[in-house]
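Next up is one chain by itself, shown in structure tokens, the form predicted alone.
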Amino acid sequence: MAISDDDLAALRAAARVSTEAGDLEAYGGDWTRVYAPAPGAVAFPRSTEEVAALVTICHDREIAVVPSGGRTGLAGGAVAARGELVLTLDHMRRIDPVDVVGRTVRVDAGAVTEAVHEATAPHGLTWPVDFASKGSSHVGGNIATNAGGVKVIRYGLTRQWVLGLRVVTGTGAILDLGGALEKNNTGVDLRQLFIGSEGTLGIVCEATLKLARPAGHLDVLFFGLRDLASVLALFHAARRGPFEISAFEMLTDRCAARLERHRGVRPPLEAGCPMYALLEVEAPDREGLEAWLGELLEDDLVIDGTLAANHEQAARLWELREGISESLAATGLPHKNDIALPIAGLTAFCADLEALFARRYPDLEICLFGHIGDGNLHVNVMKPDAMDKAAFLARVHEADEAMFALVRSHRGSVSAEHGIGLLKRDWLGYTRSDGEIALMRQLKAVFDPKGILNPGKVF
């Protein structure tokens, strides 16, 4: 349903609303770049109350609403392609004073992840949700997608670090859920329903975040390996090492080649390798860490390896991992998939995946990287330069069906940390049962009876 002039007048009485072409383009899409943004208008509320007023109007007039955060998602969850009202939380960035004793901080949903890190650091605390897009991602978006990132192996997903929420439902009702309570055993925890629901049940407007003391000195190591089996063997060895693992990341030589083409950076090893792994650890015993590294090299588990000597070297090693997505986008059109497998089954799955593409899609290049420590792989299929974009998208849609069937056979998930959005709704049933999906639909009807919130996403 198109947004009429009468609708715009009502919405503008509640908050600032724009129909400028630049705003429609900027706020109507996300990082997927698959769907052309085509919202009807963009609203810029400054408070939870303004969000509630806007949603109430939209509920009454049956205007579709797409919540928008930092728009760093990769599943089309923040795309408005059918004349919807985009409700951006860009102007809701308040960060309250840190509660040092309770180790919490209350923030608006539009607060940028890195800004939360900066606000809590002077108090010797951190919100341990971290990923490459932290400089632009919003807390509300992290919560709506239950974001993961590079430190999941140590700290878990976003939901572990959210104590309370203030949410606006699809009727415009405001719910205060949890506050700053560590313990609240009073029935169903409604807060957890909204975490990971991708804005389909309600709009997260404020959050009380649980904080932790940051890790001590972190050492970063980088390895070259022969194959994925060697990467997993290295992970097994790291699990037994004299340290606490903060991150364990993997990338292939194809990713490294794209990094070198775009950024001019390359692994600091004597020769190229088929696989690379980055390991970040907190090691109280430096001598023990160096001895462990020496044993790896002596046992021929790795081809080569290096230990960062200082912060600058560590940052350069992290660039090899965090610069991948940007480099893939800069050197071609990647079709992105974010999947999860049981860690023990990664080697068998990747062998089957390579065989599948070699047999049925030999013209498509796969750039593989991911958070091996939690079983999360990012499968990027690159568009051949000579292939038309429409033909490429049709071809990878076909490839997705085959790949997700493979994921299902290996008891994995079609989405590890970016949600379902628009891109994966056809494949939701490959991971969730018919009974589960039916219950999800019933929950949607309870919190959003007219179906105005992020319509077409997930289901």
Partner chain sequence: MKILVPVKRVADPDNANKMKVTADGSAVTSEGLAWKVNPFDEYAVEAALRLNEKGGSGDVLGETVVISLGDDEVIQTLRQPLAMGVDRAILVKASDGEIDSTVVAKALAAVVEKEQPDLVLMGKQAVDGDSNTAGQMLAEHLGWPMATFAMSIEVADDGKALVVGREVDTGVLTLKVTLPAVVTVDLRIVAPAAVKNGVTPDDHAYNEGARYASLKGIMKAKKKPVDQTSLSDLGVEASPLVEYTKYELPPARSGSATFVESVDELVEKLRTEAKVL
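Just so you know, these numbers come straight off a predicted model, no measurement behind them. Numbering follows the first chain given and starts at 1.
FYI, the form predicted together with the partner chain isn't displayed, but the following is about it.
Residues of just one listed stretch (171-179, 360-368, 157-165, 316-324) have heavy atoms within 4.5 Å of the partner chain in the predicted bound form: 316-324. In the predicted bound form, at least one heavy atom of residue 294 sits within 4.5 Å of the partner chain. By the criterion of a heavy atom within 4.5 Å, residue 276 is excluded from the residues contacting the partner chain in the predicted bound form.
Of the heavy atoms in residue 223, some are within 4.5 Å of the partner chain in the predicted bound form. Within this chain, residue 355 is remote from the site of the partner chain in the predicted bound form, having no heavy atom within 4.5 Å. This chain is drawn without the partner chain; in the predicted bound form, the residue among 103, 263, 123, 91 with a heavy atom within 4.5 Å of it is 91. Though the partner chain is absent from this view, in the predicted bound form it lies within 4.5 Å of a heavy atom of just one residue from 304, 244, 253, 227, which is 304. Heavy atoms closer than or equal to 4.5 Å to the partner chain in the predicted bound form belong, across 260-296, to the residues 266, 267, 268, 286, 287, 290, 293, 294, ordered by sequence position.
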